[in-house]
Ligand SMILES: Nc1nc2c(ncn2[C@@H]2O[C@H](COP(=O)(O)OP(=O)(O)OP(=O)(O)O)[C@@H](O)[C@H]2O)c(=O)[nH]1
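The form predicted alone is given below as one chain in structure tokens.
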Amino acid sequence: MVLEKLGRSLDNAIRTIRRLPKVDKDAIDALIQQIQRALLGSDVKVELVFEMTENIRKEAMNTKLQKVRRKDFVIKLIHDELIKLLGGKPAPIRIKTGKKNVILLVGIQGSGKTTTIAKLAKYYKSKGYKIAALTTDTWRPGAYEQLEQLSEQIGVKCYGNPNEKNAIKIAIQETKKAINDGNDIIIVDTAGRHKEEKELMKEMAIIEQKLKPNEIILVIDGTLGQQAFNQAEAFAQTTNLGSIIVTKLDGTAKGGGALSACAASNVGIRFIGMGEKVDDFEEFESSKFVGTLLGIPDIESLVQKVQEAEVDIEPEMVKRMMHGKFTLDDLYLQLKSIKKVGKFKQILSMMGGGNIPDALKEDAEANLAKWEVVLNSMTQQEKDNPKIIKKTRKRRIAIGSGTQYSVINKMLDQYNAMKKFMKRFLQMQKKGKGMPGMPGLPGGKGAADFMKKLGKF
């Protein structure tokens, strides 16, 4: 198993708490110590370990539970914090069918980028795409020859120019050739560079600017340890990273350092490599990975059970809505769960009769996955104040999320419909006419009392 030592330690911690008849403060403290030892022993950055375990400690005993067992709730907390450590939700796939796609790989020297290009090329070739491999590495002797040899093994064409010393010129010219030859995806290798090599970092930024890749993937060496955090942070500051591939995870004890690099770059892991062979490569599923580490193969079922038992309307969100401050995050969160949608529908129907906005109709649930990808490509300012999202911002969001303008426009339309609905309700309340659709409930204190009860709905 990848990160076997870390997995054994976390598994033991979870087994201990699951055997306890009651989870109290002492049990939580003992669990926290076990988790800290496990993560630090796997070379996860110290500050991240203590931030993560402090979050678990605060929530574990202070959260009032309605139906779920506290030991299950604690396991869900550990799951959620580990997912956060791994960069959160999976990065959206930015490959567009029917278009020409460019993927740019970056990383420090020795991280295994060239081998990873071959692995990635084989993966996408198996999906039916026509693939080209391209190297711009003018520093490492034999870089072109190595990629050419690997490309031949998997049956894809290799592009590059070993006689040219200008990496930017190679990137532009050879990418054009690969596109003109009808390739669907061009996977571009770059020279390995360290965060202190300023000129090489600048060169990498220029290559990104010239190629305008669909995605930039950071290749992180799983044996790098805690240095991985600083390296990932530097690459994230220089380029627009989209995802991470962690290499050499087979049997390494320091893999936790590479995993915590996700927190530094704020992007998720897309693939992991477990060896030198082209087939030693697999897609990364964060929840499944965490479930394996915790010794709970069906971790997603447990997480879902806890979520469904404890789901509730957030009081803070209700307050913001009452002051007309309803954000795109609020819209998404309240639609995320079918159970929560049902609750929210009831509340809004009480506030406005049967005239519920389209955002809360059943077909909205089918849009949630698309909306999540769009939201992940927005800035917090845009999510809090969607009216600033005009043509140029929409273009950037569409490119970043790999979605059509129509998806973005539909989400904004639904949001605006909800805002109008809330505005109508607030106007009625201020006029003292009571809530729309609720003639027996006055405005003022009566409305305030009603809203106070929403948390118990």
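All residue numbers refer to positions in the sequence shown, first residue = 1. Everything quoted here is computed from the prediction, not taken from an experiment.
The discussion below concerns the form predicted in complex with the named molecule, not included here.
Not displayed here, the named molecule is kept clear of K130 by more than 4.5 Å at the level of heavy atoms in the predicted bound form. Within this chain, R270 is remote from the site of the named molecule in the predicted bound form, having no heavy atom within 4.5 Å. Contact check for T247: a non-hydrogen atom falls within 4.5 Å of the named molecule in the predicted bound form.
Contact check for K76: every heavy atom lies farther than 4.5 Å from the named molecule in the predicted bound form. Shown here without its partner, the chain carries A236, T239 and S243, none of which come within 4.5 Å of the named molecule in the predicted bound form through any heavy atom. Interface residue among L328, I108, M204, V374, judged by heavy atoms within 4.5 Å of the named molecule in the predicted bound form: I108.
Note on the partner interface in the predicted bound form: the residue among P162, G295, P386, G275 having a heavy atom within 4.5 angstroms of the named molecule is G275.
Stretch 111-119 is the contacting one of 180-188, 79-87, 111-119, 377-385, since its residues have non-hydrogen atoms within 4.5 Å of the named molecule in the predicted bound form. Annotation for 129-160: interface residues with the named molecule in the predicted bound form are D137, R140, Q146 [heavy atom within 4.5 Å].
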